[in-house]
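As a starting point, one isolated chain is supplied in structure tokens, in the form predicted on its own.
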Amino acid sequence: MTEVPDHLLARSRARRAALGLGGEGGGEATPAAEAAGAEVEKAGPTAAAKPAAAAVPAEVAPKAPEPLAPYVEANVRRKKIPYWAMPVLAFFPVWGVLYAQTLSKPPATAASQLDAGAVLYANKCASCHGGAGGGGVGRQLSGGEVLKTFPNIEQQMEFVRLGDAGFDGKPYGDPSREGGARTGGGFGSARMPAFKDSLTQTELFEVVRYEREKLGGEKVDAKALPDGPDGKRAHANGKPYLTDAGVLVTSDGKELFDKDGKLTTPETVLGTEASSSG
């Protein structure tokens, strides 16, 4: 065991007395205590400062959170749909289907053949034949005049397609008409233009039908009007005049006109498709 010098022991006793642990005036210190105090004195002030250096460091303040993007912040603030409303929203599509089934269908807006014929007549024929068919630059159609010239609709459609150029100096229409048959180009200086290239076959049928039924007063047999007077006109045997493709056909389904616009069966037309107008 190392012997502690007396001056260190004395210093240790003085330190202990200052701390109230005994020493001078406070009781005799034990040799072991004196030895421990001497060791502290021997180590010097650095050893005494060590406990303070071992103190717990101050707590670091938490880092502030980064700001949210504007669209994320707006989504956070937006009010959410409450859970009780979810079943109501889920029922909306079913309600929409049920509601749609209760609505009535709008009425058909497609123009009838006679309505379409009236528009065509006003745009292409009235300037010559008059708004009511009374005649003028062109021949009179009203008062049954058009029916006297053309006993059946096929003959009139052929004349409208070909015009005076197709019958230039030749008779057309009913040869037994009072005063004889009409002659192409024989009505003053006016000449009937050809509409072969400016009217479709559907339009031709519509405008001629209007001239005969609305202006000329033709009475069509009910068998030719299965859907009523404003419906589509058919042949006397009930077969349609127009195919779905808009082509005029005879009562047995053959094309009514050839490539030149003339009737394909002129010899069988007269009288076979005549109306019941007397």
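Residues carry their position along the shown sequence, with the first being 1. Keep in mind that this is a model prediction, so the values were computed, not measured.
Heads up, the form predicted together with a small molecule isn't pictured, but that's what we're talking about next.
Q: Is the gap between Q156 and the small molecule in the predicted complex 4.5 Å or less for some heavy atom pair?
A: Output for Q156 is yes: heavy atoms within 4.5 Å of the small molecule.
Q: Though only this chain appears here, would T183 touch the small molecule in the predicted complex if you measure heavy atom gaps against 4.5 Å?
A: Looking in the predicted complex, residue contacts with the small molecule include T183, since a heavy atom lies within 4.5 Å.
Q: Is there a heavy atom of Y172 lying 4.5 Å or less from a heavy atom of the small molecule in the predicted complex?
A: Contact check for Y172: yes, within 4.5 Å of the small molecule in the predicted complex.
Q: So in the predicted complex, does any heavy atom of K196 sit within 4.5 Å of the small molecule?
A: Although the small molecule is absent here, K196 would stay clear of it in the predicted complex, with no heavy atoms inside 4.5 Å.
Q: Look at the candidate spot formed by F205, A224 and E255 and say whether the small molecule comes within 4.5 Å of a heavy atom in all three of them in the predicted complex.
A: Answer is no for this spot.
Q: Quick one: find which of 206 to 214, 65 to 73, 246 to 254, 231 to 239 has residues within 4.5 Å of the small molecule in the predicted complex by heavy atom distance.
A: Within 4.5 Å of the partner lies stretch 206 to 214.
Q: Among L98, A90, A190, A111, which has at least one heavy atom within 4.5 Å of the small molecule in the predicted complex?
A: By the 4.5 Å criterion, the partner-contacting residue is A190.
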